[in-house]
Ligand SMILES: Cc1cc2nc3c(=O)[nH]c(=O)nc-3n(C[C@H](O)[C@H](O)[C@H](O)COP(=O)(O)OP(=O)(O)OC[C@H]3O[C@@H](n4cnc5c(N)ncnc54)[C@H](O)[C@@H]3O)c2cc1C
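Below you'll find only one chain, the form predicted on its own, shown as structure tokens.
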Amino acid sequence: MPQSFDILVIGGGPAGIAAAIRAAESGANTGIVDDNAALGGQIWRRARTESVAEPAAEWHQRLQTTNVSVLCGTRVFDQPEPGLLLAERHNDILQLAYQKLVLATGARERFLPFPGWTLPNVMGAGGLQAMVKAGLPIRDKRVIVAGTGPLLLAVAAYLRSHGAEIPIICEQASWGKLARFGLTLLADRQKTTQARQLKRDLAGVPFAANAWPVAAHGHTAVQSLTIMRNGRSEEIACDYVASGFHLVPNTELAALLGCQIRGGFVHVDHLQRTSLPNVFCAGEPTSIGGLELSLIEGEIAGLAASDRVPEAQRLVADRKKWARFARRLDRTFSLRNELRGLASPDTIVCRCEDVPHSRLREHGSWRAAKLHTRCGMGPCQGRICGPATEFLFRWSPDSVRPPVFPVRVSSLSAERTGQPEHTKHEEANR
């Protein structure tokens, strides 16, 4: 029997939490679904030994005062018919019926392949931060942070606060771009305060613009990283490499439902309405703009979905302000052409299927590469290699087909028969 909601929110990061709260405050029967064990997303993920930070604590407290149904550890993988989603949770399949849907599926790190990037202890910047929050000891470990985007500084500050040594932070953007971006922050007190705090947290840590990773070296794990810095290469010893090249929006579910995608993002109007009736989208799937934009868009989506349009309209001006900030982020941290030459012929691009760069460059499209090499057909379903090949070869991604995430064969079987998995197990034991 499906669980039914007036408004269902997919994604439990800041945008999803804000949308669910504003919808529930309207009296709507609201549910929020997230595949993590707890709400908060990457940005509000809490370490075992840490308390919830502001403003996360305020939003979590506000959520506690509503009647939102929270479904964590739940992953949506298909929509068999309009208004009905299928999700896996533990050993069960959930049927989630909705009248209106808010997609707040967030973003993930972009990885670019370079020689040695598959060595143990070479990982995403946000991924390493999450592992440290989960208990990975990092004290006295040398961590090179490299790639592009504001996440690098936040991760470096977090790791340093937990005892890591940061030999260098490598940012591929030029000093000119960074300076222009910094000047725009002066007009915003909140961003200026955040920047000053990061400067204090990272005092004494070398920072290099016009710098990026070239090759990781080691045997059983990474031992050093060669970087390109202002046109000259140098090798630096390390225990970890935290590398990420800004963020990629998670648009797979939106594409599966049939929402219009423009420029890699879900297209929405000023009230966060997608091209589909009764489907809204908020946060990073619509643009990479940071916490403030995600929260504003989440509020607008929740209000508009619950027919509180005048209240939603009053937030549109703030949305425009933070949308301008998102565009500045995109310009500042756009990837330079030199990064297309990082991979050598034998560099693995698709880690799931062990497909090297040399095999991929024989093909002219993402679809052809998938058919001939199985690139993008492994457990990550192209979430790592897809954005990489899009940048490296300028390929356009294919259409999305269910399941959006890898699921158990029994889940697909239950989907075809329309019978929940736990019911099938009960009948089999009779």
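Computed from a predicted model, the values in this text were never measured in an experiment. Position 1 is the first residue in the sequence shown; the rest follow in order.
Beyond the structure shown, there is the form predicted together with the ligand, which is absent from this document and is the topic of what follows.
Checking 31, 376, 41, 387 for any heavy atom within 4.5 Å of the ligand in the predicted bound form turns up a single hit: 41. Shown without its partner, this chain lists 76, 169, 304, 222 as candidates; in the predicted bound form, only 76 has a non-hydrogen atom within 4.5 angstroms of the ligand. Taking non-hydrogen atoms only, residue 129 approaches the ligand to within 4.5 angstroms in the predicted bound form.
Contact annotation: residue 393 falls outside 4.5 Å of the ligand in the predicted bound form, judged by heavy atom distances. Proximity of residue 253 to the ligand in the predicted bound form falls within the 4.5 Å heavy atom cutoff. Using a 4.5 angstroms limit between non-hydrogen atoms, residue 20 is distant from the ligand in the predicted bound form.
The three residues 13, 154 and 294 all sit with a heavy atom within 4.5 Å of the ligand in the predicted bound form. Considering the ligand in the predicted bound form, the lone stretch of 201-209, 266-274, 338-346, 107-115 in range is 107-115 [heavy atom distance within 4.5 Å]. Residues 283, 284, 290, 291, 294 are the ones in 283-313 with at least one heavy atom within 4.5 Å of the ligand in the predicted bound form, listed in sequence order.
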